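Starting off, we have a lone chain in the form predicted alone, written out as structure tokens.
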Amino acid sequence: MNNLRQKVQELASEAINNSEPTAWFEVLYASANGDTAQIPWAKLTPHPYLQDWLENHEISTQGKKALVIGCGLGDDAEALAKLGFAVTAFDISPTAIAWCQQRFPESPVNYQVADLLAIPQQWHQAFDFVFECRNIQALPLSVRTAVISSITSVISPSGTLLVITHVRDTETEPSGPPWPLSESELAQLENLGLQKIEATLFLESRETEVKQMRIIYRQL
């Protein structure tokens, strides 16, 4: 796992040096050659914090559209589709999207290749439920404001955003990836018109004090 983490950090550093901070995702997926063990976040099951939230909330899905940002290998998108959402799921990596379509050939999910920093115009305020899991933290602080603005732009009026992310206690720039989010970075979501409805803090490891949050926002 340490070798894989080192590979990710090297790929990300190279992409940033080339002023293409999102380019390394496709390199990682393509070099995996179909081996899910080479994708550090591929658990082949919906994220447990998403699953927990879905199971413990009454969610209206009838006629509602959902968007999964940076969908990876598709498990979160499939979970939302099973609930009845009309799901669009995108990733910047063509290899990841092809992998999703291969894993779920009968899926109703609309899998697409798209760039979070260049969202299709037709997605503007188009989705009732948006799921963002660890994509913001996978991109450097230099593009963070643009990424947060882009995510906010796709939420429909009165729509919901569910964010899962690692967080940090300081505004000092961390080493990464991932680059956990600070309070002021999370505050940008509220500054763009979202209201925080619910926030849950998870301590992943008492030894390292790695903290992760699940935050629910509503578009005002």
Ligand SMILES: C[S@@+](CC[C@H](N)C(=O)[O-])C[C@H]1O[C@@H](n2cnc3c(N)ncnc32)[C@H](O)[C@@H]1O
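One rule holds for the numbers: they count along the sequence shown, beginning at 1. Remember, it's a predicted structure, so these values are computed and weren't measured experimentally.
The same protein also exists as the form predicted in complex with this ligand; that form is not shown, yet it is the one meant from here on.
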(request) Verify the contact flag for T88: yes if a non-hydrogen atom of it lies within 4.5 Å of a non-hydrogen atom of this ligand in the model of the complex, no if not. (result) no
(request) Tell me, yes or no, whether G159 is in contact with this ligand in the model of the complex, where a contact means a heavy atom of each within 4.5 Å. (result) no
(message) Please determine whether V109 contacts this ligand in the model of the complex, using a 4.5 Å cut-off between heavy atoms.
(response) no
(message) in the model of the complex, is there a heavy atom of this ligand that lies within 4.5 Å of any heavy atom of R103, even though the partner is absent here?
(response) no
(request) Work out which of L139, V130, A81, I148 lies within 4.5 Å of this ligand in the model of the complex, going by heavy atoms. (result) L139
(message) Counting heavy atoms only and using a 4.5 Å cut-off, do T165, P180 and I215 all touch this ligand in the model of the complex?
(response) no
(message) Just to confirm the contact call: exactly one of 65 to 73, 30 to 38, 181 to 189, 151 to 159 touches this ligand in the model of the complex at a 4.5 Å heavy atom cutoff, so which is it?
(response) 65 to 73
(request) Could you list which residues of 93 to 128 come within 4.5 Å of this ligand in the model of the complex, counting heavy atoms only? (result) S93, A114, D115, L116, L117
